[in-house]
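Presented as C-alpha cells, the chain that follows is alone, the form predicted on its own.
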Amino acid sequence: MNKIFNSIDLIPEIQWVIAIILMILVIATTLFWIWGMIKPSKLVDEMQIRTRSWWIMCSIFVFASVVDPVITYLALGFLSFLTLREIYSLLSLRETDRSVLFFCYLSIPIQYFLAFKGYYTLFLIFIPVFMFIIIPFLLVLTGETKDIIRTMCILPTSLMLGVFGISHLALLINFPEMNSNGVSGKALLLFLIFITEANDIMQFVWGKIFGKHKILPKVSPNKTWEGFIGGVISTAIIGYFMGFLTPLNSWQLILLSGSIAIFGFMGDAIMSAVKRDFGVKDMSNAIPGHGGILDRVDSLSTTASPFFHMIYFIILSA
C-alpha cells in the first residue's frame, strides 16, 4: 500500500486510515445536513450533534496517533485524569476519603511511566494488585470505619475504569512485540479506536432504525437487541476491511472485531448503570452532544485491555 503523502513520516496504512476517517466524517456531515434541510426531525438533529462530536473525538485520537509518543503518553495520562475527576465530582465521598484521592491521582503518572518503559508485568499488577491493597489500607489509616467498605469498592473500581483500561492504549505504542516484524503499535492503536467508535455508531444507528426489543430496560432503555446484534455484525465486517492495520488473518480479524463490539457494549452498559446510580444523564458537559469525557471513552476503557492481550497472545502464538 503506497503512501498518500510522502512528506509525512507515517506508514502508508496509518495515512490511509486517517484519510478514510476524514472521508467518512465529511460524507456523514454532508449527508445529515442535506437530510436536515429536506426532512427535519429529532433523529437528524441528534445525528448532527453526534457528528460534530465525532469530529472532535476523531481529531483528538488521530493527533495522538501521529505525534511523538511522549506527547501521546502525556495526552492519554491527562485523559485518565479527566475521567477520574468526572467520577469523583459525582461521588458522595466521606470527608476523610478526600485525603486518599491524592494517591488515586498519583497512580496515573506511575501507570503511564510503566507503560512508557514497557515494564509489562509491573504495568499489569500495579493497579489491580498493589493499589487494590494500598487504597483500602490508606482508608483504614483515616480511622473512620463507617461506610468504609463502600469507598473501598468505589476507589479501586474508578482506577480500573479511568486509568487501567485506558492506559493499555499507551502500552500499544512502545511495547516491543507490538512494534516489530511488520507490526505497528500506532496502527494497532488507530485500529482499536476506529473499530470501537464504529461499534458505538453502528449500535446507535441500528438501534434507532430497527430497535424494538429492549436489552437492558432498567439500565439503558435505548439499548436494543437489534442495535446490539447489528452493531456486532457491522463492526466485525468493518474490522475485516480495516485488517491492513494489523498482523491478523481473516478469521482472527472477524473474531477480534466482534469481541471489541461486545466489550464495547459492556463498557457502555456499565457506565449507563453508574450514571443511573448517580442520577445523571451524562457524566458532565465537557463534549457538546456527548456529555462528559467518560461518556465517550467508556467503551475504550473496556475494549483496550482485552484487545491488547488478545493481540499479544496472537503475536506470541504465531
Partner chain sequence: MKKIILIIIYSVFWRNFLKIFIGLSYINNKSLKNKKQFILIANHNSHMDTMAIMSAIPSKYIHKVHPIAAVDFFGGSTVKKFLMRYLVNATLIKRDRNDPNNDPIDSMDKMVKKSRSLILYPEGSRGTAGVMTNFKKGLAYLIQRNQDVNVIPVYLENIYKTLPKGKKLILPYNCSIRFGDPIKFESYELEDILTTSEKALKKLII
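Numbering follows the first chain given and starts at 1. Worth saying up front: this structure is predicted, and the values here are computed from it rather than measured.
Not pictured, yet referred to below: the form predicted in complex with the partner chain.
Partner-contacting position among V183, L101, I238, L124 - heavy atom within 4.5 Å of the partner chain in the predicted complex: Looking at V183, L101, I238, L124 one by one, just L101 meets the 4.5 Å heavy-atom criterion.
Quick one: from R85, R150, K214, K208, grab the residue that has a heavy atom within 4.5 Å of the partner chain in the predicted complex. Checking each option against the partner chain in the predicted complex, the one that comes within 4.5 Å is R85.
I need the one stretch from 109 to 117, 93 to 101, 140 to 148, 186 to 194 whose residues put non-hydrogen atoms within 4.5 angstroms of the partner chain in the predicted complex. Contact-bearing stretch, as computed: 93 to 101.
The partner chain contact in the predicted complex: F244, any heavy atom under 4.5 Å: No, F244 stays farther than 4.5 Å from the partner chain in the predicted complex.
With heavy atoms only and a cut-off of 4.5 Å, decide whether W225 touches the partner chain in the predicted complex. No, W225 is distant from the partner.
4.5 angstroms heavy atom contact with the partner chain in the predicted complex for F130: Answer no; every heavy atom of F130 is more than 4.5 Å from the partner chain in the predicted complex.
With the partner left out of view, is Y105 within 4.5 angstroms of the partner chain in the predicted complex by any non-hydrogen atom? Yes - in the predicted complex, heavy atoms of Y105 and the partner chain come within 4.5 Å of each other.
May I ask whether F78, F81 and S89 all come within 4.5 angstroms of the partner chain in the predicted complex, judged by heavy atoms? Judged in the predicted complex, F78, F81 and S89 all sit within 4.5 Å of the partner chain.
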